[in-house]
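Only one chain is included here, represented as structure tokens and corresponding to the form predicted on its own.
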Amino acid sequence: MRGPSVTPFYAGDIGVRGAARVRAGLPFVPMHYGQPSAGAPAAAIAAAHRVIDRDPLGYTELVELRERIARHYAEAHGLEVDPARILLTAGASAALVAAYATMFRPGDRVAVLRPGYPAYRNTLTALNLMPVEIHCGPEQGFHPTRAQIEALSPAPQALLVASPANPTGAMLDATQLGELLATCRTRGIRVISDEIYHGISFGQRAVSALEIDPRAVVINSFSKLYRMPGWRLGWMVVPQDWAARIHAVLINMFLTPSTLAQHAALAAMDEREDLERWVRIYAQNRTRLIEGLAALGIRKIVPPDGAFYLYADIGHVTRDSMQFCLRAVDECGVGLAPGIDFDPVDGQRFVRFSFAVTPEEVVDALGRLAAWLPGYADHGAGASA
């Protein structure tokens, strides 16, 4: 094998063990993957049933869906976006690959935040690009600062920023995002903005990078707010003069995204009441989980502004987050994501909880952890202080 070595996605190991428990008829609360446990809106499923009976489902890209996404930017952000700038993708992951493959050449440097979604840096590595990590710890609310961008030397070719962010749920307001983008513009740093958790926030509105810099590359998805992760459908908004070139990469690497998913997504976008109801459920889960974990002695949590994650410091319990998560599956039936997925430096003392589950599952998970944690012993070198 001559290609670069890519770090595994360790939450996948948790998923494999959890699936084995389910097959064996054992209880399992799935809080490890960043996916809603509720399925797609009923209208989306109904649309899929109608289409599958009358459409041959060949390769296609629905103009109507691109136009509906453009209308979304007008309604949610007050922006006029030409549908020709919107590219449909086989999930946000395909959009990320296409952006990297088109915008950079091997050896280019792209700044990413730590902790952050592991595929950001791992996909860079796979494409022979160099991730430059910016540490954004709990002491700064997991927010990058203008000073950190100014301190990058030499300036990277790009900055990838996510707001709300995975795994922390941290969100940048208009001032914070504006400062970052202004610094990038001054230094000639391109901006890729991952906005897949837009629509899921607890207070302030999520600001799109396009509101500040119309040449930012924005990535979004139907996996989170629209609860369609397995349908594998996302989109990009790119500068007009880049659209044809990036589209050529998408066609060659992925052909077109699922035709069935496109029809379902078009229906899902108009289900505002259903979508907002689940965001309210996530907000309730957020409060219940923060309070429940505090009662268990897990109190070092920066409350998330958006998305559906808690990134919890469990350094008083373990210095091996992977061992902790594996044992949580096997011994109490709760799936958690180990912090080493998101932060290879400090992640050993963190775990990520996804609260995109039902309220009943949150209560179940807390009860299981309450019974299990008092007897937990770190089999490594001992828990850190």
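Bear in mind that the values here come from a model prediction, so they are computed numbers and not experimental data. The first residue of the shown sequence is 1; numbering continues from there.
Same protein, other form: the form predicted in complex with a small molecule, not shown, and the subject of what follows.
Contact check for R114: no non-hydrogen atom falls within 4.5 Å of the small molecule in the predicted bound form. Heavy atoms of Y311 never reach within 4.5 Å of the small molecule in the predicted bound form, leaving it off the interface. Among residues of the shown chain, K224 is one whose heavy atoms approach the small molecule to within 4.5 Å in the predicted bound form. At the 4.5 Å threshold, heavy atoms of G91 reach the small molecule in the predicted bound form. For the options K300, R215, R232, R185, the one in contact with the small molecule in the predicted bound form, meaning a heavy atom within 4.5 Å, is R232.
Listed residues I149, L250, I196, A209 were compared with the small molecule in the predicted bound form; I196 is the one with a heavy atom within 4.5 Å. Note that among 174 to 182, 240 to 248, 196 to 204, 126 to 134, the stretch whose heavy atoms approach the small molecule to within 4.5 Å in the predicted bound form is 196 to 204.
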